[in-house]
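Next up: just one chain, as structure tokens, the form predicted on its own.
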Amino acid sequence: MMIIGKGRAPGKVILFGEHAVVYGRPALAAPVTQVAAEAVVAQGPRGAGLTVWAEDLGRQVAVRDASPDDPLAAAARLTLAHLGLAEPDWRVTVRSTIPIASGMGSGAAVSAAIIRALADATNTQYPIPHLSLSPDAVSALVYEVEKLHHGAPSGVDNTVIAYEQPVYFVRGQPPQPFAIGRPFMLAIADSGIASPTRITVGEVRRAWEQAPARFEALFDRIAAIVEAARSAIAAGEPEDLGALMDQNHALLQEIGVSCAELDALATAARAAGALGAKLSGGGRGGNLIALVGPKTMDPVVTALRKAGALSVITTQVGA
């Protein structure tokens, strides 16, 4: 079938500040373009309405019949409403190379890809003034879908993925792209353990309710690390990030969101020459990030694989 619209969105990693960001503290996050979600739109049978085919999940969703809490249908419905478009007879096919439930924003990226593909198809098929969804509009639409995935999302995933650039983020405030004085490299290791963010965020919430003073103090310490990391990145001193990553990981251990597998990956990365390592995302599985250089990249990647990582990718933060 002839393709009439396309959309793409990258994955993401949180560099510093996960969990604390839910409680009003800052976080730093960056896109990961080595993995992405892609959606294409084709004309479907007359009268069939809009369907979304999630190839990786083996799911086909008829938007008109789907439940309100189906994320794929919600992304499509929200986009049509935003564009002022009646339901068309289109078929959206979405594919993703982003690991699911790993802290890399797979759900947000799939939503963003669908949103962009539908907007692109609308421009192709209808003789109306050109529609261009700004990053802010894409982010707002994705955030609504993120509520279905996570319950009370921080807003980090939709922001980084929609803007496709590193951001300094505080919940409820406009995102701020942050300066990168010198690019740096990360190895991202997938523990192979699914880690739905909704579950870990909920567990931290219950723990915070039982001991608010203790957790607020932990969140404040994480916030200080975020600010120090932002300053180091802006000053072109990424080598200073290693110790800050280790400190952030230790605090996430105290919060209770690490696990033996992530801790083992962190130990292996440091022993192989990484300047620092920490979990990234919700925790209890998902991904670990390690700060590497040209000479340590290959040894760290090898060590992470030997320590049990399902896969390891490397990415550069900054141009």
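These figures come from a predicted structure and were not determined experimentally. In this text, residue numbers run from 1 along the sequence as written.
The same protein also exists as the form predicted in complex with a small molecule; that form is not shown, yet it is the one meant from here on.
A heavy atom within 4.5 Å of the small molecule in the model of the complex is found for one listed residue only; from Val156, Leu186, Ala75, Ala117, this is Val156. Partner proximity in the model of the complex, defined as non-hydrogen atoms within 4.5 angstroms of the small molecule, places exactly one of 54-62, 290-298, 31-39, 276-284 at the interface: 276-284.
Taking non-hydrogen atoms only, Ile98 never approaches the small molecule to within 4.5 angstroms in the model of the complex. When contacts are judged by a 4.5 Å heavy atom cut-off, Thr197 counts as touching the small molecule in the model of the complex.
Within this chain, Leu218 is remote from the site of the small molecule in the model of the complex, having no heavy atom within 4.5 Å. Contact check for Leu304: no non-hydrogen atom falls within 4.5 Å of the small molecule in the model of the complex.
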